[in-house]
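Only one chain is included here, represented as structure tokens and corresponding to the form predicted on its own.
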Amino acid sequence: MNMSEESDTADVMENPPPSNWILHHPTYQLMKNLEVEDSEQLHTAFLVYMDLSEVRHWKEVSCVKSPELQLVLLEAREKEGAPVQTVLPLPVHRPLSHKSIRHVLDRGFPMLLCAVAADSTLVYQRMTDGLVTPDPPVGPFQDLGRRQHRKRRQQR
């Protein structure tokens, strides 16, 4: 071990990271300043923020307060130049009403609902205003229908 490695080790020993580093993170502090009363939703919003910014590398991730819902919402771009999307982070057990979805959709941006489980598993679901027809399947698919089934039955 050389001298610089020893001093680095000594610094880590002298200044261990805080026991709950989340509480000291600048973005968490910013979210707290939005004065949302639900601390569980605040924690959930921070976990989603970290996933979007650090794992998925979304751009311009920011937090805003929804006064009607008393929740922290996130706004971000999936990539540079992409449209802004609103993300509604909620604990998985939290009920969700049509009215609350409507409030978020009325902001005018595409919406993602992010359900966060107790083990920090995140599940994203795209929400739309109205029904959206699915894209057709991609690939060389051939519909054999019921005829193929009949042929198999006759061969037995």
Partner chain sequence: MRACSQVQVMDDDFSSRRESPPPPHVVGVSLCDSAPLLWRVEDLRSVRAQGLVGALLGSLPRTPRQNGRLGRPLLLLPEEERLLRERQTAAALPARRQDGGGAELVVQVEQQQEEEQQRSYEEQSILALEDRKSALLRAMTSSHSGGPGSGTGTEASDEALRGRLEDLDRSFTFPQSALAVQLSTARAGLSYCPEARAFLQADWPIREQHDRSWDARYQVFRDLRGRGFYLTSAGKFGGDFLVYPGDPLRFHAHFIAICSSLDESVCVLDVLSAARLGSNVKKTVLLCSPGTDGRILYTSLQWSGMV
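Numbering follows the first chain given and starts at 1. What you see is a predicted model; the values in this text were computed from it and never measured.
What comes next is about the form predicted in complex with the partner chain, which does not appear here.
Distance criterion of 4.5 Å from any heavy atom to the partner chain in the predicted bound form singles out 115 from the list 50, 115, 61, 36. Taking 107, 94, 65, 32 one by one, only a single residue has any non-hydrogen atom within 4.5 Å of the partner chain in the predicted bound form, and it is 94. Although the partner is absent from the chain shown here, 101, 127 and 137 each have a heavy atom within 4.5 Å of the partner chain in the predicted bound form. Taking non-hydrogen atoms only, residue 42 never approaches the partner chain to within 4.5 angstroms in the predicted bound form. The partner chain in the predicted bound form comes within 4.5 Å of no heavy atom belonging to residue 20.
In the predicted bound form, the partner chain sits within 4.5 Å of a heavy atom belonging to residue 90.
In the predicted bound form, the partner chain sits beyond 4.5 Å of every heavy atom of residue 57.
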